[in-house]
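The chain below stands alone and is given in C-alpha cells; this is the form predicted on its own.
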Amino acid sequence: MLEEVRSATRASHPRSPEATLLGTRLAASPFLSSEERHALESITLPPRSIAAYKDLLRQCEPAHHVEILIEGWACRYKTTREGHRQIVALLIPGDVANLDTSLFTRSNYSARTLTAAKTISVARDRISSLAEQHIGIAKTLAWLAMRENAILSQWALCLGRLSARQRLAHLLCELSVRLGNAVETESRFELPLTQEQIADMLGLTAVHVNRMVQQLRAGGLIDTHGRAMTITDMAALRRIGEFDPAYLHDQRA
C-alpha cells in the first residue's frame, strides 16, 4: 500500500529542481566525482512531506525506493511478537533510511518518522544500475553501509555492556557529533525525542530514562528546556559514556 501511494504520487509529478542531495550523506561521500553526483541528482525524485509517526517502510514489505531524510527525525525499528519495540537506528537530516534496499527488495525492519519530516528518494533499480556503471557510486554505497554497521556495532556494545547512565551519556554525545556540535566544552542542540523513544533506543523504561536524565542534570552535566538540550560539560559526559567518536567516521569529530 505504501508503494502504491508513493508511485501514484510521483508518477504525476516530474522531477523538481527542489529535489537535491545537497547536505545528505550521499552527497558527503569522498568517493563521488562531479559527474557521479550529477548522475545521482538526475534520478532523485521530488521531496515529499510526511507527518510525524508515519511509516516510511514496513518490515518484510516490498521496498522499491531508497528514502533519504532531508528534514525532521525518523528511526528504524523492530518489534517482538508481543509488540515491544526496539529502535535500532536513529535517523537525522541527511541520513539514508533504507540503504539496503539498493540491493534487497525487502527490509528486515520498519522505518518511521518521529517528527514531521521531508524525504527525497531514488528508485532502487536506478541507483543499482548507476552503481554498476560508476565505481564512485558503488564505493559510496559501501562506505555508507560500513558506517551504519560501525554505529550499529557500537549501539550493541552499549546495550550489552554499559549501565543505563552510561548509555544515555553515550547517546547524547553521539547526537552532539552527528548534529555538528563536536566540541570538548559545551554543546547545544534540539532533541525532539520523547523519553519513551529514548527508552526504546536504550533498552530501558521511560521511568528509568527520566531518572537518568535527572541524575545527569543534578550532576551539572546537562540542562534541558523543552526540546533544547545543552551538554554543559562535554568532556565529563564523554568519560561517563566511554564515548570515542572514531566509530562515526565523521571528520568534524
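Each residue number is its position in the shown sequence, starting from 1. What you are looking at is a predicted structure, and each value in this text was computed from that prediction instead of being measured.
Quick note: we don't show the form predicted in complex with the DNA, though the next part is all about it.
For the three residues Y53, S163 and N210, a heavy atom within 4.5 Å of the DNA turns up in the predicted complex in every case.
The DNA is not shown here, but in the predicted complex it comes within 4.5 Å of a heavy atom of Q214. In the predicted complex, none of the heavy atoms of G219 sits within 4.5 Å of a heavy atom of the DNA.
Although the partner is absent here, R48 sits far enough away that none of its heavy atoms falls within 4.5 Å of the DNA in the predicted complex. Under a 4.5 angstroms non-hydrogen atom cutoff, the DNA in the predicted complex has G203 among its neighbouring residues. Taking R188, R227, H64, R58 one by one, only a single residue has any non-hydrogen atom within 4.5 Å of the DNA in the predicted complex, and it is R227.
Note on the partner interface in the predicted complex: the residue among I70, L32, L193, A39 having a heavy atom within 4.5 angstroms of the DNA is L193. The stretch among 133 to 141, 118 to 126, 163 to 171, 88 to 96 whose residues place heavy atoms within 4.5 Å of the DNA in the predicted complex is 163 to 171.
Residues are counted as partner-facing when one of their heavy atoms sits within 4.5 Å of the DNA in the predicted complex; in 20 to 49 not one qualifies.
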